[in-house]
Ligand code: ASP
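Let's start with one chain on its own, the form predicted on its own, as structure tokens.
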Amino acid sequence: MDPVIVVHGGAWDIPPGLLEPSILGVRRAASEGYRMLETGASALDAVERAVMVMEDDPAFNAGVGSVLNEGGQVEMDAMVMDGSSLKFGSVAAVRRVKNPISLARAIMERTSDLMFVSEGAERVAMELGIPLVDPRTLIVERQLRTWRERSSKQEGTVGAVAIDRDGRIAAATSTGGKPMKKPGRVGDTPLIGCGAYANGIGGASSTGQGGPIMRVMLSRLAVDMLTGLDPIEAARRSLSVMADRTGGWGGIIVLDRRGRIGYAHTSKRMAVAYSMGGEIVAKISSLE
């Protein structure tokens, strides 16, 4: 099986100043994830690494560069899922973990539980040897300025879906959430079937309005559609169902067990990149 990875940097009204950084960021994420797949790493390894690259990039609303809540604090959510075993790990409202996606994977693989939140998740991180950081190191000037302006304009999330040489599929998603959210608010990202989903048929990672995504379980909906549709049509159709049923907007990346990819968005723009056969394609998809 030829390995494939597809990543997104969020579906939202990406401003001009972030267009080039977003393209470069998703390109790096897809490139590093694919490099791992080429050397025989698992799909789980690849999606974790790709998301970590974007969590470390201040251009994205995840990890370093996350939006701030009402109190001026970072609170992050993430999940990862192994399509072969249907195992997943999830964290929500964490403030002191630089790479929430790595904690989510550690929870999946090294505990008997599936999801931890807030201070409980941070205690688990310490028990698992994942260092905590000063939450101030996750705040960037761009988001601090947005918080001072009391802006609630929504940003996107980051995510990745991959298939490895053995045909195993994995999906991962990470976010800083919604700007100016109330402390403790959790959106779609860490919820199975909502922020991400993977099984033997395919995988998906979602981005956009959390409430509507949760109400239709967007990622699971798109993967279920792969039984009769190709990934491009599954991405489009799932977003259409969400819009019709909830009025919500968003974006999604989809990959099937044949290694075919699809993506779609109803937001103004979405940063996306993918690699098949070693060629990296990175772009800002726009409805304009």
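One-based numbering along the sequence shown. Since this is a predicted model, take the numbers as computed values, not measurements.
The next section is about a form of this same protein that is not shown, the form predicted together with the ligand.
Chemist: Please run the contact check for S205 against the ligand in the predicted complex: heavy atoms, 4.5 angstroms, yes or no?
Modeler: So S205 does not count as contacting the ligand.
Chemist: Please tell me whether any heavy atom belonging to T175 falls inside 4.5 Å of a heavy atom of the ligand, as the geometry stands in the predicted complex.
Modeler: Yes, T175 is a contact residue.
Chemist: Does the ligand come within 4.5 Å of any heavy atom of G193 in the predicted complex?
Modeler: No.
Chemist: Classify R185 as contacting or not contacting the ligand in the predicted complex by the rule of any non-hydrogen atom within 4.5 angstroms, answering yes or no.
Modeler: Contact check for R185: yes, within 4.5 Å of the ligand in the predicted complex.
Chemist: When you measure heavy atoms, are T157, T189 and I213 every one within 4.5 angstroms of the ligand in the predicted complex?
Modeler: Yes, all three are in contact.
Chemist: Select, from the options 111-119, 175-183, 82-90, 124-132, the stretch whose residues sit within 4.5 angstroms of the ligand in the predicted complex by heavy atom distance.
Modeler: Among the listed stretches, the partner-contacting one is 175-183.
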